[in-house]
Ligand SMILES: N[C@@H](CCC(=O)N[C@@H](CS)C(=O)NCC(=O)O)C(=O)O
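The chain below stands alone and is given as structure tokens, in the form predicted alone.
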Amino acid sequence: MKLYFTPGTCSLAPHIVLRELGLSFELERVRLGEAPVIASTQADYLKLNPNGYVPLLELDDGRLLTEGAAILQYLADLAPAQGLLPAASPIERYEIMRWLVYISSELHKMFSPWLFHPEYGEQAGGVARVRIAKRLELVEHQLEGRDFLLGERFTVADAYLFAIVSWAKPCRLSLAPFPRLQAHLERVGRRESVLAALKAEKGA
């Protein structure tokens, strides 16, 4: 498999999961922009992903999978015994899917315009801070008495949450009102898979 990624973006989440599961994969860095290119070859990335964003997962048979939440579920299902996403019958699987959707729609898409499009201006950033903080209240409540979103086990939802909420610092969004979330980020950030992913992306 090959993961197309850009450092500092949501593609960190599947990168973490690939390492967490011990799967064999290659990394291909993408330079985003109006005309995104594959860094190693300068090839037009839009020919692979017309959406022009990451992540993109190229499977061994050449098929391409886009959208982070879908990629996370696909990867988890490659190694079901590791429990990053329970089997289809337990309600826990759908709880994790609920959190993947929440992180995608209520956090990821709230951060993205503000973080990657500074032309929107500081006023838009101020509005975004307020709205994101409101949505983080639900995450903070969910983490009460839990190490991870669904309890004591790390899942794909925790990887996604870590990747997105890590944007808070460069966006000048204080996490002081959310001590449980801060503890969660620190806990996830100490995992070997996360440290390895961040190191690899820094050097890419």
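Values in this document were obtained by computation on a predicted structure and should not be read as measured data. A residue's number is simply how far along the shown sequence it sits, counting from 1.
Unshown form predicted in complex with the named molecule; subsequent notes refer to it.
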Contact with the named molecule in the predicted complex for Val54, defined as at least one heavy atom pair within 4.5 Å: yes or no? yes
Quick one: does Ile38 come within 4.5 Å of the named molecule in the predicted complex, counting heavy atoms only? no
With a 4.5 Å heavy atom cut-off, would you call Leu32 a contact of the named molecule in the predicted complex? yes
So, Trp167 and the named molecule: in the predicted complex, are they within 4.5 Å at any heavy atom pair? yes
Region of this chain that lies against the named molecule in the predicted complex, out of 171 to 179, 60 to 68, 136 to 144, 150 to 158 [heavy atom, 4.5 Å]: 60 to 68
Heavy atom within 4.5 Å of the named molecule in the predicted complex: which residues of 122 to 136 qualify? none
